[in-house]
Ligand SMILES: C[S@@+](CC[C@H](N)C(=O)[O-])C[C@H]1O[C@@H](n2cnc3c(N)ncnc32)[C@H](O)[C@@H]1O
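In structure tokens, the next block holds one chain alone, the form predicted alone.
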């Protein structure tokens, strides 16, 4: 690529491109309180938290802000390595689950804040050594302001994970069977270029997660699909269940897994200058 081409790319309005892609992939906003009791079970054998933690530079003196922490699968792991961690989420019930789980594990260095990431600001939150925004930026429209806020809050590092595109074909196929339209939405490359246009030199890492999503039975698989796709007509439920029966296999724990639906996450991170 010629130098002048690179300059042209940086002059593009990447926030506008991001917002256009969000509009294209716009879905009904989910009520996370509805799945707060079950969410931890869904992630019970997910290796993403450990893979993510292995990429983060955390010392015993660091304070960490975990944005979009949900019921704290990653938060509690971070707490065992850091000085303290604050979990931020808009779901009251998710935070209740986090606090309950932390108490059961005798973890005493976790704080929680109920807040929508859209309302996040340095003035409200203050400074942290490390900021983690895990799987929670894909639908954020005020992305430039949000990225600048994350950068302002962090003293050392910012870590962001967003969904990749390697499973898009499967998701299109699944949505079609369910009588829905797959909406791809935002792409991590847009986020990377937006950061570059803001003068933030970030790193991109494709996370190598191996474990597949696990389901105790077909009913759970259908219910979790409906959480993502929305309510389904009875004929589409039956069609989706028949489709799952064709492709699902049992793993060594006796749970059903879908070989086509591997976790696909991209890590974007940078060190504060």
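Model, not experiment: these values are computed from the prediction. Numbering follows the first chain given and starts at 1.
The same protein also has a form predicted together with the named molecule, omitted here; what follows describes it.
> Give a yes or no for residue 70: in the predicted bound form, does one of its heavy atoms lie within 4.5 Å of a heavy atom belonging to the named molecule?
Although the named molecule is absent here, residue 70 would touch it in the predicted bound form, with heavy atoms inside 4.5 Å.
> Is the gap between residue 134 and the named molecule in the predicted bound form 4.5 Å or less for some heavy atom pair?
Yes, contact at 4.5 Å.
> Would residue 77 show up as a contact with the named molecule in the predicted bound form if we use heavy atoms at 4.5 Å?
Taking the distances in the predicted bound form, the answer for residue 77 is no, it never comes within 4.5 Å of the named molecule.
> Would residue 173 count as a contact of the named molecule in the predicted bound form, using a 4.5 angstroms cut-off between non-hydrogen atoms?
It does not: once the named molecule is placed as it appears in the predicted bound form, residue 173 has no heavy atom within 4.5 Å of it.
> Since the partner isn't included here, can you check whether the named molecule sits close to all of 32, 48 and 140 in the predicted bound form (heavy atom within 4.5 Å for each)?
Yes, the whole trio is in contact, each within 4.5 Å by some heavy atom.
> Where does the named molecule sit in the predicted bound form: which of 189-197, 123-131, 87-95, 149-157, heavy atoms within 4.5 Å?
Among the listed stretches, the partner-contacting one is 87-95.
> Under a 4.5 angstroms heavy atom criterion, identify the one residue in 43, 58, 209, 221 near the named molecule in the predicted bound form.
None of the others qualify; the residue that does is 43.
> Among the candidate residues 107, 202, 117, 162, which is the single one with a non-hydrogen atom no more than 4.5 Å from the named molecule in the predicted bound form?
Here the answer is residue option 117.
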